[in-house]
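Single chain ahead, written as structure tokens, the form predicted on its own.
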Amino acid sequence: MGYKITIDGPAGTGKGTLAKSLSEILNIVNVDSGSLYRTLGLYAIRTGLEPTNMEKLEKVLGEIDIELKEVDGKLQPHLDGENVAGYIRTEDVARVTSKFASIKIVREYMAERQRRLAKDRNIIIEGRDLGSSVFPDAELKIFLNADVKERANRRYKQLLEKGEDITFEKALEMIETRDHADSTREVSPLIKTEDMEEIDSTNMSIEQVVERAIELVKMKGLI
């Protein structure tokens, strides 16, 4: 039975960057839980699946295969055997994904796949409900946070680098909308539990965030 490190927190805090860095330092598997949800979002765009059609959604979840498979040493999202890593990082996919992420049967479907990945291996996994819901028994739970304007600025720069036409105000609106959706949904909302170790990255470099996280890993006796 392996150990689990969860990283939860709102959008734009750098959870993915931290998880990637820690996985390399600790030589453990990095699981991007969001890519599983985004794969369903991509499927919805391709097929016209609506989040309001619960009967169709339940049927689809019983038939499609969404999983993370190892490719060149990294876990990448696959949809019915197709590697879709290159298609799921658009804002269109993100917007559609958020509509499905609050649905109970979707979260149960994804949680089952995440737990399957964690069986008998050490993992680090980032998302929004991992330490509170999916892996409440995780050995280390990190809650990564940052000021909303700082997170919006990071997302703004990230999207500009991708060549997207975006303003800071629009990026801020997107972050605030996502925060509201994540924290107010009925099923597995984004929350910081008492046993989570919070890191506020607002005024920290990624190197400083990683250094603090390693301190927490050592405190838990995982290395």
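Just so we're clear, the structure is a prediction, and the values are computed from it rather than from any experiment. One-based numbering along the sequence shown.
Note that the form predicted in complex with 2'-deoxycytidine-5'-monophosphate (DC) isn't included here; everything after this is about it.
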{"property": "The unique member of Leu144, Ile124, Ala101, Leu140 whose heavy atoms fall within 4.5 Å of 2'-deoxycytidine-5'-monophosphate (DC) in the model of the complex", "result": "Ala101"}
{"property": "In the model of the complex, the residue from Lys74, Arg116, Lys149, Arg89 that sits within 4.5 Å of 2'-deoxycytidine-5'-monophosphate (DC) by heavy atoms", "result": "Arg89"}
{"property": "Partner contact for Arg178 in the model of the complex: 2'-deoxycytidine-5'-monophosphate (DC), 4.5 angstroms, heavy atom", "result": "yes"}
{"property": "4.5 Å heavy atom contact, Asp182 to 2'-deoxycytidine-5'-monophosphate (DC) in the model of the complex", "result": "yes"}
{"property": "2'-deoxycytidine-5'-monophosphate (DC) contact in the model of the complex: Arg107, any heavy atom under 4.5 Å", "result": "yes"}
{"property": "Partner contact for Gly34 in the model of the complex: 2'-deoxycytidine-5'-monophosphate (DC), 4.5 angstroms, heavy atom", "result": "yes"}
{"property": "Partner-proximal stretch of 36-44, 166-174, 53-61, 193-201 relative to 2'-deoxycytidine-5'-monophosphate (DC) in the model of the complex, 4.5 angstroms, heavy atom", "result": "36-44"}
{"property": "Heavy atom contacts to 2'-deoxycytidine-5'-monophosphate (DC) in the model of the complex at 4.5 Å, residues of 118-132 in sequence order", "result": "Gly127, Arg128, Asp129, Leu130"}
